[in-house]
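A single chain, nothing else alongside it, follows as structure tokens in the form predicted alone.
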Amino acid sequence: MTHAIRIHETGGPEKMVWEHIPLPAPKPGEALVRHKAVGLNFIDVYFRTGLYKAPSLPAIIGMEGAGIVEAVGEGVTEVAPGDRVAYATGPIGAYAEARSIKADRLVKMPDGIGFEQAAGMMLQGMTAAFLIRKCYPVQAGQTVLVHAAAGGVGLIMCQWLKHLGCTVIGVVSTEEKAALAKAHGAAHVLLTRDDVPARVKDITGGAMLPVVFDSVGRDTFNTSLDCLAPFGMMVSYGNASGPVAIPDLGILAAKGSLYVTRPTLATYTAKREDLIARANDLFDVVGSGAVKIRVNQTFALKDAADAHRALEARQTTGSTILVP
């Protein structure tokens, strides 16, 4: 037996229950991983509330973890017992002391990366990697905007974009978060209460932006469009304020023949070679010191409900991990 957080119905944090479950033996193609740390991400909230549908109930949520391989199923060649591994691309099931998962979703951790650091960076860091390297490959000299710039993905993106030679405009909700984003590479930091498009116009001398990275969703969608130059791209990769209703496509024409994309890490890492490439991008930039991972909150896994409350109340910065 082992322990896990399960939901028997969707709803608030109180629906998360700490339970005994059978230890899952690895099937062919799978590996059994004993977690040392589990990552907390807003996608976990989406599954808990039912915005994203779990395959069945009861369900163990969670997309990200790091630990040690204890056993492998038939045919597994990617990892071996004793390997230090991390993952961040699902399927859900990370809120457990141990789990079996497809071995081709696991990546081996470099010696210089610890378990808590890995659990605090794999999903957020690989998200940043695919957004700025593949979804919209940024170029040195560009000015770009990052919403929720003091969050887990935001702090990584601010550092990485600066490292790549971009000027970062961060948008945050408080003065304290503004200072944090500034300390992590944002050249300009705006508050959500500001007239963000007007401030962007001033900063860019009227040129506006080639791209906006938006994880907030409903509350910032139109603001993001208004920050773009003609032919600019709005990358909507999260729904922290709620899902975005598909607008009249004519708004994109009216605002300058704009592009909008709603990408996912799962699609961009569906092939193992792409997963390994994005993980290596992340390991390299963290290993170089250009990007530092801030694990600013730690909760016991059994207290995951408290972690969700803090996340939804925007009381967290950087990365949060759950420790079994």
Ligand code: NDP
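Residue numbers here begin at 1 and follow the sequence given. Predicted model only: the values in this text are computed from it and were never measured.
The protein also exists as the form predicted together with the ligand; that form is not presented, and the subsequent description refers to it.
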| property | result |
| --- | --- |
| One stretch from 263 to 271, 29 to 37, 282 to 290, 65 to 73 that, in the predicted complex, holds residues within 4.5 Å of the ligand by heavy atom | 263 to 271 |
| Contact at Q142, H188 and D226 by the ligand in the predicted complex, all three, heavy atom at most 4.5 Å | no |
| Interface residue in the predicted complex among M234, L123, A129, V168, criterion: non-hydrogen atom within 4.5 angstroms of the ligand | L123 |
| Position in contact with the ligand when the complex is considered in the predicted complex, options L164, I113, V216, V244, heavy atoms within 4.5 Å | V216 |
| Interface membership of N239, the ligand in the predicted complex, 4.5 Å heavy atom rule | yes |
| Residue contact check: M16 to the ligand in the predicted complex, 4.5 Å heavy atom | no |
| T10, heavy atom within 4.5 angstroms of the ligand in the predicted complex | no |
| Contact label in the predicted complex: K177 to the ligand, heavy atom within 4.5 Å | yes |
| Residues within 4.5 Å of the ligand in the predicted complex, restricted to 126 to 154 and counted by heavy atom | T127, F130, A148, G151, G152, V153 |
